[in-house]
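Only one chain is given next, in structure tokens, and it is the form predicted on its own.
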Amino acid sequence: MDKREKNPDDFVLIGAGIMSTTLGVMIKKLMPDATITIYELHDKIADESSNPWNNAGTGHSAFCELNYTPEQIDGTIKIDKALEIASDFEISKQFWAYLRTQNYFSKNDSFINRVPHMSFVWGDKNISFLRRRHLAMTNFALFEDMKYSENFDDIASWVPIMMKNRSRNEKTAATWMEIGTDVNYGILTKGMMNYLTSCSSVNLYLKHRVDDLSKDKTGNWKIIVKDLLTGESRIVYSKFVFLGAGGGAFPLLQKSGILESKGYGGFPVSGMFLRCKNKDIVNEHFAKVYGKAAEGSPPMSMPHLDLRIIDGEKSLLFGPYAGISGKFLKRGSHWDLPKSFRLHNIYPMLAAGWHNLSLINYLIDQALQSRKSRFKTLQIYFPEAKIEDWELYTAGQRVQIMKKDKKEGGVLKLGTEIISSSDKSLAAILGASPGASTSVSAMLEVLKQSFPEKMSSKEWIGTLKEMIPSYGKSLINDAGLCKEIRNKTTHELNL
């Protein structure tokens, strides 16, 4: 018997991004004696979706993302998802504030900055939608500070470069949330990993690829890991496995063989942005401005003119422009998609594709776009933009979830989804936006599904409330608590 089989790890976390490190910190706080091993494919942590240049950096709080508030057939605006996401982000902020007060980050580690969030639309139909959205959302404390205006001068005071030389006769409307944020998930991940690796019972292995995993006769997970530096493979064992490797989690979920993985497929989408090279223009814009997806385009295509603050330096981006790729990771293989086909997921994936032909057409159109075509879209938001001031760069890969559905055969699911084995020994997180912004709530759900009895114990609840003061209470329904928590985290995070 392998030595590691006699003494398996309590936890193996695959992927060294925001999800695994968040879960790892929670585990060490709840179970200080737990042994944790983390395997990362690349030579550094937070190098895929958690890398600040590979994601939008938006503190996704549903302030500005219009796809979270769809219009219903009767004309009402459905805001349930927006409320959930906004609440989840406030939970994330509490956890991050706790990490800050525990000195997990130095005072120079500015991982979160205040950047106002704004929605911007034009035309009577979209203005009517935004007005009704604002009325519905401001009934809740999470959104009550949201400003709305159809006045040219108001909007120009918020985003001057967007309104300069725009016709005053053009009908536009905007909402504005001063408390919006820009988040560097790379710094967050590194701060949490620094804490984890300071613990004697935590080991991190970079440049290690997990090639296979299966249950052994003892009930532990048998994991085959390859050291990419030496080329040697070895077998390790663990009582619990978490697949938090971004797009790389899906192939590993398939290899696990758990029944709950059947019927799932993944469709990779690459993202590209225009990045402004003119610092004078960058310094004139201070907001994340999200628009409405064009008629017939998928919700994920909502354009945004986006201020980023990465390592103390401001950048201005516009996008996203989608691309077609078979890779599940930015540094993955073009064979990732074809290798993911199984008998149990071919039909759900084809059915999901059939029901989302507009997405396929959109991706093809985006892939064939010329530089001038991409630039014309930018000029809708920034009329005075000059093509020589912008360069195109490729951001991260996203793997959209496809899953079987009794009625439709297969559906495309936006957002994130947690899949757990029936014996509660394995959990995986799949999907994309809002992703990192809701990582804390997502990892709480992993713990709830995997350790339901411990999560209801007084000891664990006490520790969770120390990290997340609102734990167990509703920030949606309790307006007073929402305001109190937001004021507290705003102070502790220097916002």
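For every residue, the number given is its place in the sequence shown, counted from 1. Just so it is clear, the model here is predicted, and its values are computed rather than measured.
As for the form predicted in complex with a small molecule, it is not shown, yet the points below apply to it.
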> Honest question, do 101, 440 and 464 all end up within 4.5 Å of the small molecule in the predicted bound form by heavy atom distance?
Replying inline: no
> Can you pick the stretch from 172 to 180, 391 to 399, 130 to 138, 149 to 157 whose heavy atoms fall within 4.5 Å of the small molecule in the predicted bound form?
Replying inline: 391 to 399
>> Can you pick out, from 318, 120, 185, 264, the residue that has a heavy atom within 4.5 Å of the small molecule in the predicted bound form?
In response: 185
>> Although the partner isn't part of this model, could you tell me whether residue 245 comes within 4.5 Å of the small molecule in the predicted bound form, counting any heavy atom of the residue?
In response: yes
>> in the predicted bound form, does residue 28 come within 4.5 Å of the small molecule, counting heavy atoms only?
In response: no
>> Taking any heavy atom pair closer than or equal to 4.5 Å as contact, tell me whether residue 446 reaches the small molecule in the predicted bound form.
In response: no
>> Residue-level question: is residue 273 within 4.5 Å of the small molecule in the predicted bound form, judged on heavy atoms?
In response: yes
